[in-house]
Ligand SMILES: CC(C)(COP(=O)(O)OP(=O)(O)OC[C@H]1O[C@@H](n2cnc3c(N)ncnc32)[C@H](O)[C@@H]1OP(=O)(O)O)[C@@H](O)C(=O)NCCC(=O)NCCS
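Just one chain follows, in the form predicted on its own, and it is written as structure tokens.
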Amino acid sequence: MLEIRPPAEADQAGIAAVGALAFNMEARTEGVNFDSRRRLCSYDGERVVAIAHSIGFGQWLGGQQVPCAGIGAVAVLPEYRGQGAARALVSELLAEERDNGVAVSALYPANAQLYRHLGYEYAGLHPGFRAPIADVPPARAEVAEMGGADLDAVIACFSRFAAAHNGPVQPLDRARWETDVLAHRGEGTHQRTVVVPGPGDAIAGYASYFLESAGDRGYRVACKHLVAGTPAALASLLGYFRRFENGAAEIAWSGPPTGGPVGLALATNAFALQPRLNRWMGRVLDVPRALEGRGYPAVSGEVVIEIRDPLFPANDGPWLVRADGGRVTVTPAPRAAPLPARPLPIGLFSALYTGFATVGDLVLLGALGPADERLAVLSALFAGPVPWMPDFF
């Protein structure tokens, strides 16, 4: 039987080997970080046979940050696959994160069925767009390369931007901004971050980008983050990238599913703007903490929610959810309260929680009844922009 436990420093080579084989990459022990993530491994004796880690984020939902566990690098040696090793490992990792006060989790699935068994459901998008760089409007570019003293102001700029969206995740570990958000091994060449100065020491906008091949068309300027907080900042960043037109064929960026203000600013048509929509999965780990942690539209009302969560039965409730002016309180439902006709599966509840699934979607899936009296309140509570995130982890 496999044993699950936190790894020791001496296990770095084993962890790197499992990840390298699973993801077809070079085994690099320097990438095994023990400081900024919670890591668990499965062992057969002293041999590492499965790995998983969790990254601490705040996930922006309704203008508030909710404590989020970003699950990544889930890998099992081939000879141990199909025996439940990944499921047991991730279950233990989620239980630890829940005990530590983390309310939600997010991940990019390699095996959606595995994660659905663990209570996850598709809960948002990771959109990418490409367009001819000649369609970027020229403008005076008040842009400078990011300096070492700019990081806090860049993080603050992202927070202001992300608060207006649902889904973006923000690392809790400041160092992760430098190693993973603004740069990442293996992505293109000439990685740089440029900033648009704002009033005082503030940053009004920034872009983290690298150059990558666009095939026989030359190269592409690919932005990991393209964040503007003012019209002037947006114009400056776009004007900066227009200066690549003599060598670059395209600009690529991640933004809201609509393409956002960048897409609206380009002089391009629907055929030239090329969207790419990947999906991430989400899971509520602690129902009361998650509901009380996010923000909402100015809705008033109350509903009773009953959940079915085989992994964490404490989530089942039933819960009385009272909404007032953009916040909610969650308490156990009184014994006399009428219970819903059917409990919501935790996965579909999680998709509703982020706003990715609508109540209409849940009705068509049979999770809610078409005459359910809660539909109007639930629909109003979880209304908002389609959840998305610019980061892949």
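Model, not experiment: these values are computed from the prediction. One-based numbering along the sequence shown.
There is another form of this protein, the form predicted together with the named molecule, and it is not shown here; the text below is about that form.
Using a 4.5 angstroms threshold between heavy atoms, Ala383 stays clear of the named molecule in the model of the complex. Put simply, Gly101 is far from the named molecule in the model of the complex: not one heavy atom of it is within 4.5 Å. The named molecule is not drawn, but in the model of the complex it has a heavy atom within 4.5 Å of Gln83. Contact annotation: Tyr108 falls within 4.5 Å of the named molecule in the model of the complex, judged by heavy atom distances. Shown alone, this chain has one stretch from 159-167, 69-77, 211-219, 179-187 that lies within 4.5 Å of the named molecule in the model of the complex by heavy atoms: 69-77. Site annotation in the model of the complex: the residue of Tyr240, Tyr296, Trp280, Tyr115 reaching within 4.5 Å of the named molecule with a heavy atom is Tyr115.
Annotation for 5-24: interface residues with the named molecule in the model of the complex are Ala22, Phe23 [heavy atom within 4.5 Å].
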